[in-house]
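The chain below stands alone, shown as structure tokens; this is the form predicted on its own.
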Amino acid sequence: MSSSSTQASQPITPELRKWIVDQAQAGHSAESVLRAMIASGWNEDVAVNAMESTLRGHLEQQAVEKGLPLAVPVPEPSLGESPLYLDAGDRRVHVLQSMLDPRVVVFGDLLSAEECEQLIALSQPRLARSLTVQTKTGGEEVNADRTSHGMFFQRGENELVGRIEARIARLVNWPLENGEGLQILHYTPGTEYKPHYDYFDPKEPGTPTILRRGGQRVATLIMYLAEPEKGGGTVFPDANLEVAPKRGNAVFFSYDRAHPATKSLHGGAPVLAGEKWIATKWLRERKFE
């Protein structure tokens, strides 16, 4: 029997969804609920689909009732089978660490040493004091919390940038055109970026203007181009996590709603010795224009 005919013969009714929610609220594990459904004659594929869709919807309803924004689809690397490596098209990328809450993935060898050097060399003549988005107006401003210098490449500005952007799109399964331009940042001793969120605060008056260019930011990829001697890690205070800024590696994190519940608060710890260079790629809901 095909899965479609099985689904038709075993419809997922409102009564079944209520029973699944009741079992979850009573403290029964997902495995025990699944076993009970299969023992009662449910096809395993139908039972799994019913549980996943019901519990996902239940959690989302609870979140909305608590005043959280609706969750949206986000980029996601293909880690369902816990691979050690991912095919990024022109490069095999290591999977070094994966965390679900917050959603954080650390990649190894995403960029070659030569690519790191080329990005630094191309960016140096265009560096200026880093700005942050001014959510009250939709413009940009100098922010005391961000003491780096940086610049932006236009999407696909040159062969190197285009190649890296295509690699990122394949790695995290997100359309290339949904990405903002690649930003290069340079940190010297004493400079940092204090913990912040990358999504745009829906309560700020300038946010609607910002969102017209491609919707909310839904994920960030930070690539390390040069290693400081000390300090400079990417910190996630809500997860007690610090990612070391090793050249060629990268940290990816996503946030499915514009709310602190995503635990996506992060920052660049102060550089204590040496210099840190990074490339940041922000990903939007829709095509970024």
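If you're wondering where the values come from, they're calculated on a predicted model, not measured in any experiment. Note that residue numbering begins at 1 and tracks the sequence as displayed.
Not on display, but discussed next: the form predicted in complex with a small molecule.
Of the heavy atoms in Thr234, some are within 4.5 Å of the small molecule in the predicted complex. The closest non-hydrogen atom of Thr280 lies within 4.5 Å of the small molecule in the predicted complex. The shortest heavy atom separation between Ile222 and the small molecule in the predicted complex is within 4.5 Å. In the predicted complex, at least one heavy atom of His196 sits within 4.5 Å of the small molecule. Three-residue candidate spot Pro75, Arg167 and Trp174; no residue lies within 4.5 angstroms of the small molecule in the predicted complex by any non-hydrogen atom. Contact with the small molecule in the predicted complex, judged as any non-hydrogen atom within 4.5 angstroms, is confined among 185-193, 80-88, 115-123, 202-210 to 185-193.
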